[in-house]
Ligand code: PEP
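Taking the form predicted on its own, here's one chain by itself in structure tokens.
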Amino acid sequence: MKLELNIKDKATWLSKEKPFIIAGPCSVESPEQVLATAKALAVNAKISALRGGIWKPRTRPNSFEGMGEEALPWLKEAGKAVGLPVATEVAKAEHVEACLKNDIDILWIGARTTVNPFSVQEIADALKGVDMPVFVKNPITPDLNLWLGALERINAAGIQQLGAIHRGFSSFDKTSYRNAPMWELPIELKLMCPNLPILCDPSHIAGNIDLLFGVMQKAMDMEMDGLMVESHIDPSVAMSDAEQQIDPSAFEEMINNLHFRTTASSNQEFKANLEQLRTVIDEIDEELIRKLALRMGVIGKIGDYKKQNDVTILQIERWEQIVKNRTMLAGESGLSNEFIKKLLELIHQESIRIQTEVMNK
């Protein structure tokens, strides 16, 4: 399903020839700090805008919650000094009004706000009559509808310079990332809104600078339109999220080492070989679907047999045996444990659904 958004062509307000890169400190801490960071970042010609947090929503009280409205002129002046537009996060109408009063160029709505339709609508109402670049980060939870709803609310307010930011999702699974990337969700958003620009926030996905470059490269390989990265002139003294902020010189090195790929090639040999391999993939997929349909047919017969003998649907020992055996087989075949476990979970869910339907007829 396509989502119709009334937005401007991204080529008219985002960079045409390079990724749109927003960089700057997690929090604007002082005029000196944000200016020094801006000057160091501006050495890299690839930077498109300067970011800086003014209001910081913290999980627990008594943490640093930003300098507030007084820091808006500091951010604006730093941007002017290096000739860059400036961007900050807003979470309520008063934030929007203060940003408009201080000529802030770009706004974004954070993940904690996106999850609340009341807050998003309040921001949308404050933006009526204004058309400026506004980005909406994905909600904390992996809920595509919440993300879409927030985009629709902002768009309905008249914002046509609209974009999304993928910053990862909270997950109970233990991973090396601060927030699970779940790349399938921004891909789904791209399919539903092909004209919507999507940036990636690798700082919040990675949670530390060791993983930052890998996420940045992955975002570019996923055809993201740009990046939002947290950079501090001296991360060791940062007042918020110090571990995920990178100093400007290291960030410049990462940007210069990124490999920017194109979506197509004029190489005829490449096109022919790619088409041949895609034909093989199509044939394999057709066979996979036929095999899955055959498997589900057997599942239905098992459901019938269980019903006749008053046996429960879930057989936990059998399920544990399947996971163990299939995971071992997958490892021998060069497939990752994570992939095969996800696949097995989907198959198991469908198997339970079919057996439930059979047994309750």
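The structure displayed is predicted, hence computed values, not measured ones. Numbers for residues come from their place in the sequence shown, where the first is 1.
Omitted from view is the form predicted in complex with the ligand, to which the following refers.
*Asks:* Given that the partner is absent here, does residue 112 sit within 4.5 Å of the ligand in the predicted bound form, heavy atoms only?
*Replies:* Answer yes; at least one heavy atom of residue 112 falls within 4.5 Å of the ligand in the predicted bound form.
*Asks:* With a 4.5 Å heavy atom cut-off, would you call residue 46 a contact of the ligand in the predicted bound form?
*Replies:* No, residue 46 sits far enough from the ligand in the predicted bound form that none of its heavy atoms falls within 4.5 Å.
*Asks:* Hey, in the predicted bound form, is residue 135 touching the ligand, heavy atoms inside 4.5 Å?
*Replies:* No - in the predicted bound form, heavy atoms of residue 135 and the ligand never come within 4.5 Å of each other.
*Asks:* Please run the contact check for residue 108 against the ligand in the predicted bound form: heavy atoms, 4.5 angstroms, yes or no?
*Replies:* Yes, residue 108 sits close enough to the ligand in the predicted bound form that at least one of its heavy atoms falls within 4.5 Å.
*Asks:* Partner absent here, but in the predicted bound form, which of 49-57, 289-297, 305-313, 325-333 has residues with a heavy atom within 4.5 Å of the ligand?
*Replies:* Only one stretch passes the 4.5 Å heavy-atom test: 49-57.
*Asks:* For a quick check, can you give me the residues of 151-188 that have a heavy atom within 4.5 Å of the ligand in the predicted bound form?
*Replies:* The one in contact is 167.
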